[in-house]
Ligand SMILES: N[C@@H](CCC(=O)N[C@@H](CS)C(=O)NCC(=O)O)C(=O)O
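Coming up is one lone chain in structure tokens, specifically the form predicted alone.
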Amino acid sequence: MIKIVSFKICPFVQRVTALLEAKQASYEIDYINLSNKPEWFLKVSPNAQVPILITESDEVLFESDAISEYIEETVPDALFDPNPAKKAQQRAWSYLASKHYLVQCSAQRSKDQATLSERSEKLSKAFSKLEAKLTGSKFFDGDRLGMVDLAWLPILHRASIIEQHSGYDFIGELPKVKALQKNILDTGLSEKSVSEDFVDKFSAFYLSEQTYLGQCAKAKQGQSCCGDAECTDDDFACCS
């Protein structure tokens, strides 16, 4: 059985596990602490970043884009379009999502409203581009869930959690993106692709009293959202 190695709130690994869940593939997952990386991980990970995938023959794959393509090519039920041009377009839109994972992470850690607004601008532009591309179908390319949808899943899932807990809306007035978000979340893959304590771990880091969003959440819910986080800002330099 293949193994995925990552840490619990990494968006890059959620993209990979969501793909595995969508294909109903069997896998194991091993979460590590990036602030204290185990020696065995440092020996097998070429860039000391997560996620990595260890195949059944003990080959190590790294970089989430490469891992996702490996899964697509080796696990039945292809999600990329077979047409070369269409497939290239889907890869590009998937990459547009994944290159904004850390943009969203940075925005979520903003200490004040001005910083949040500044850091959210790049993500807002990406959402606007997605809005212009969407046709109003259930998913990115019609009524069937595809690779592009799974690439956007981590961003849309986290945006939903942030809005639910703090009232802050990363997406804004973009009805097609909002509809896509709902349709993706309705598949249940968001919950299946993360650990059972994901929301708690996510909230402890991004909705703590150290962040503006955490302060908003505290005001909205009438209670503190802070907790013991297991990662630091530097840990997100260790994701790809």
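From a predicted model like this one, the values you see are computed outputs, not experimental measurements. Residue numbers run from 1 along the displayed sequence.
Omitted here: the form predicted in complex with the ligand. The next part is about that form.
Trainee: Can you pick the one in L189, L34, L174, I29 that has a heavy atom within 4.5 Å of the ligand in the predicted bound form?
Mentor: Selected option: L34.
Trainee: Going by a heavy atom distance of 4.5 Å, is L185 a contact of the ligand in the predicted bound form?
Mentor: Although the ligand is absent here, L185 would stay clear of it in the predicted bound form, with no heavy atoms inside 4.5 Å.
Trainee: Would you check, heavy atoms only and a 4.5 Å threshold, whether G214 touches the ligand in the predicted bound form?
Mentor: No - in the predicted bound form, heavy atoms of G214 and the ligand never come within 4.5 Å of each other.
Trainee: Please run the contact check for L19 against the ligand in the predicted bound form: heavy atoms, 4.5 angstroms, yes or no?
Mentor: Result no; L19 lies far from the ligand in the predicted bound form.
Trainee: So in the predicted bound form, is the ligand close enough to V199 to count as touching (4.5 Å, heavy atoms)?
Mentor: Contact check for V199: no, nothing within 4.5 Å of the ligand in the predicted bound form.
Trainee: Heavy atom within 4.5 Å of the ligand in the predicted bound form: which residues of 13 to 52 qualify?
Mentor: The stretch touches the partner through L34, K37, A48, Q49, V50, P51.
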